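Only one chain is shown below, in structure tokens, and it's the form predicted alone.
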Amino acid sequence: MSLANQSVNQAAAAEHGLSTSEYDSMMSIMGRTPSVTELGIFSVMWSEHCSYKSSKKWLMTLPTTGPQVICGPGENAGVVDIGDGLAAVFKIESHNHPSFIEPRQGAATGVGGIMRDIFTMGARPVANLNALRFGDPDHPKTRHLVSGVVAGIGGYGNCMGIPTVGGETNFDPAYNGNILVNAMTVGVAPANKIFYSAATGIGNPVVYVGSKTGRDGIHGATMASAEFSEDSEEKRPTVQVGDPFTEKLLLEACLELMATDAIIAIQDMGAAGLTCSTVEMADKGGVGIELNLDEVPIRETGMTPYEIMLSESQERMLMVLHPGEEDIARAIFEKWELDFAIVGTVTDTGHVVVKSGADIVADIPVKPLVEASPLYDRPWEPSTPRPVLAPDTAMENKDPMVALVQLLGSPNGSSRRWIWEQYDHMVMGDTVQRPGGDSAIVRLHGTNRGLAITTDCTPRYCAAAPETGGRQAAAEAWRNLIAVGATPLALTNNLNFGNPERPEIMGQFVECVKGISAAATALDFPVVSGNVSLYNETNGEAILPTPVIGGLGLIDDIDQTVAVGFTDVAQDVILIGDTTGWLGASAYLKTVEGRDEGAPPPVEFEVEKRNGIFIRDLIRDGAITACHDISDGGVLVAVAEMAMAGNIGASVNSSGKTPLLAWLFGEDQARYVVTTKDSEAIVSAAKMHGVSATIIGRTGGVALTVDDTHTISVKALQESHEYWLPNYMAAP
């Protein structure tokens, strides 16, 4: 028996993305020259994508526990208790680099991968969401990328029969060379039957199930751990190819087997494929695993051990079964017309040993491989504070209705209907609130309870003041859950940044994480899962810092929820929360006046919590008929969106104490607009709870009017709001 050594040296290691010190560590662990397969294993396991070597130090500062948390970060997804013997399993994950290179397949396999993370843990997926960032609409690639990404997301989710119920899409030139595609899935499982990935039981069989292994996706994890240059198009072979119909079969087969007691551990083959799943299962169980590559189902001829171990072919799982259960498992997977192969054994060696024919092509000690994984404390620079802008900074004599039309009809303010109508958001029959509101609501099947789900981030805030931006992203997700009547339970995050080796970029990351941590702690909104995506830049041009938050909340009675649309005429419109007219880093300044200036609005957690709990209680008591949190565009945009959703007009009166444009378009936080039939009771209750509540208008008519002076029809607003995206996508 001999190792299949090939030419491995420091230059080869550098080509695999390993630094000189990392190469030296590998050599020290191995005590000899590694084989090329071993080099490949080290390179992917120590890649940024798999090891979190630049971010781990800061991720460990996030709050991850709480009475509702069953499983926090470290497994395939986070798990929270939702009562009645059920658990919600959820996570968000990026597929940014692949989606820029090959938008349809990149986005599709991103959706497939996150769904596997969920059903690997025994949960049936019940909802998909996404957070998308594209470049300047005038960039020659943008329209092609939007089309491909949306088609990939819709095609995969629709074929799987899982509703895509929400998300967000924004445009900015900072994403011209590196778009973001973040996919989130939520599933539901019995709380007492969650499946984990730790391999145990010496001699137990290690089983491969799902699709055959091909050459697609080799070095996908490494590619996702490096910035782009002019040759990004040449990386197309590193993009995986997905098959949602096979994944649907895999989902049903896995859940059927999970209903038995056959499975000890299970892990999907995502980043780094067979390598990562094997190493992680062995490490978590404190055991070794021996693999026989001759037994791995292959779909291409002449595949080398290196290619088999590093392939990221989709729709595959690795399992450890109880002895004697192999025939039961095989029968289930063959019934679903999927590959099933016993490819290895759990051992007591503490090594991952890979055999091919008569050769041992890899023999790596697991504990040193994992524990010696690089952990960097990278230098970072704090951001430079921007000045606070006065409320009178806005352009004088600007017609607010002209500004409103500009905002609602802009690339970032227009309706996303063209996107979400390509997603089957009603399949499974449990979608209660469709895309377009503050949060999606999905019924817990067969009950009157539901889950509220949202994704949120304001990158321009994060660029202006990263810690404030991190605080606001988490607070807005919390607020969006509150706005439909849910109790926020936990969050997942997708931290998208540029090159962490640049101190200013690392500073953005550190400060955003500090902000998220502060918000999660203050709002009892723990971080239970997530993903870090670094090196999102091209030729040294980084994306905006984009820490996307996926929030999950629980609704005890879906009859006690509200939506954003006005429901009737002659109802009072009430503004909850204080308004100072904060225009710094606002959508108004950037979109209407072309100014990217000023500090973003501060986030005060005590006020967020007080106002939010007050709103949630009003919803549960049936005291309000509509609710919308105030975010991009301020009060007037929020009221306009409510009017358009309900097809009912309203008259609004400003305070007169704050400059009109600042009052209408300022983005002070912790605010909501609600409608009610009994404003006196709400204002009185707000005063008792220390909450600011001001009657600012009344619903009715066919127009939106401000101070009896400025007016525009709801129909004109709807036409402006709905026009931009479909017309942009229809252009040649």
Ligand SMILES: Nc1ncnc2c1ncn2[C@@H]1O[C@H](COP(=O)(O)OP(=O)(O)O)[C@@H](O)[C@H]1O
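Numbering starts at 1 and runs along the sequence shown. Computed from a predicted model, the values in this text were never measured in an experiment.
A second form of this protein, the form predicted in complex with the named molecule, is not displayed here; the remarks below concern that form.
Novice: Have a look at 390 to 398, 506 to 514, 167 to 175, 613 to 621 and name the one stretch with heavy atoms inside 4.5 Å of the named molecule in the predicted complex.
Specialist: Selected stretch: 167 to 175.
Novice: Within 4.5 Å, heavy atoms only: does Y535 come near the named molecule in the predicted complex?
Specialist: Heavy-atom contact with the named molecule at 4.5 Å: absent for Y535.
Novice: Would you please decide whether G436 lies within 4.5 angstroms of the named molecule in the predicted complex, comparing each non-hydrogen atom pair?
Specialist: Residue-level check for G436: yes, a contact with the named molecule.
Novice: Hey, in the predicted complex, does D117 get a heavy atom within 4.5 angstroms of the named molecule?
Specialist: So D117 does not count as contacting the named molecule.
Novice: Mark N480 yes when one of its heavy atoms lies within 4.5 Å of a heavy atom of the named molecule in the predicted complex, and no otherwise.
Specialist: Output for N480 is yes: heavy atoms within 4.5 Å of the named molecule.
Novice: With the partner left out here, if you bring back the named molecule in the predicted complex, are N130, R416 and I419 all within 4.5 Å of it by some heavy atom?
Specialist: Yes, the whole candidate spot contacts the named molecule.
Novice: To verify the annotation, which of these, S631, S651, T347, S197, has a non-hydrogen atom within 4.5 Å of the named molecule in the predicted complex?
Specialist: The residue in contact is S631.
Novice: Which one of E608, E476, D268, E93 is close to the named molecule in the predicted complex, taking close to mean a heavy atom within 4.5 Å?
Specialist: By the 4.5 Å criterion, the partner-contacting residue is E476.
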